[in-house]
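What follows is a single chain, given as structure tokens, in the form predicted on its own.
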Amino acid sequence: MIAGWEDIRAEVLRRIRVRDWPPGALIPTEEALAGEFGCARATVNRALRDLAEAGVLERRRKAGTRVAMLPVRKATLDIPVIRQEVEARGQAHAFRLLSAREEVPPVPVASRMGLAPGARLWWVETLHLADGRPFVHETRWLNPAVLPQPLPDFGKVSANEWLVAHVSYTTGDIAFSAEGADGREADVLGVAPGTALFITERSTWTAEAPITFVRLAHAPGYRVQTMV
């Protein structure tokens, strides 16, 4: 059973990406999807409305909901290189590889990436430093099926910088939130558990498959600035 509207959104995107629902296709009604996913119709409505606002779906009264023929990209996903971000602040960048291993991701991660249960991914944990102080804790799931092989030594080049330089993506999504530091984040960043952190979660895809899902937990004091 799918838990919330974000899970439904991810599943709808997956079906669109694998062409279960090709451009122009009429997708099932909210009632039908609510029955399939075992949730309230309002939950489905929230997911579809979000995708319509992003230009992925076209919703018309009495005509149903269709996959957009030419999706409107209302925003671009510009993936920053953390090293460059630190250096642009006038600070020296360094990073430490804390862990790298192949394993089965948790169900919420597999669901968000549209992968079947039991799929094995690479998990990479990195601490980025600015002038020797913790800057961001990066935890990343990588899909080896779509990556150039062999994978590099992520102790010598960060996964963030290598992906930006070597792997092209077709679509992606990004979410920002403020969350209390969990035990691991608190330990790595040197803060008290529960300390408010700025969190970035991002997924990127090729036309057919997920590339990566990353969670960035920024040290206190982090500030985002962008241009519009």
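Please read all numbers here as calculations on a predicted model, not as lab measurements. Note that residue numbering follows the sequence shown and begins at 1. The term rigid core refers to the most C-alpha atoms you can superpose between the two forms while keeping them within 1.5 Å.
Below, we turn to the form predicted in complex with the DNA, even though it does not appear here.
Residues within 4.5 angstroms of the DNA in the model of the complex, judged by any non-hydrogen atom, belong to 28-36 and to none of the other stretches in 177-185, 28-36, 195-203, 155-163.
Using a 4.5 angstroms threshold between heavy atoms, T43 counts as touching the DNA in the model of the complex. Put simply, G64 is close to the DNA in the model of the complex: some heavy atom of it is within 4.5 Å.
In this stretch, 146-177, not one residue has a heavy atom within 4.5 Å of the DNA in the model of the complex; the partner itself is omitted from this view. Residue displacement note: E53 has its CA displaced by at least 2 Å between this form and the one not shown (rigid core superposed).
After superposing the rigid core, the Cα of R41 is displaced by 2 Å or more between this form and the one not shown.
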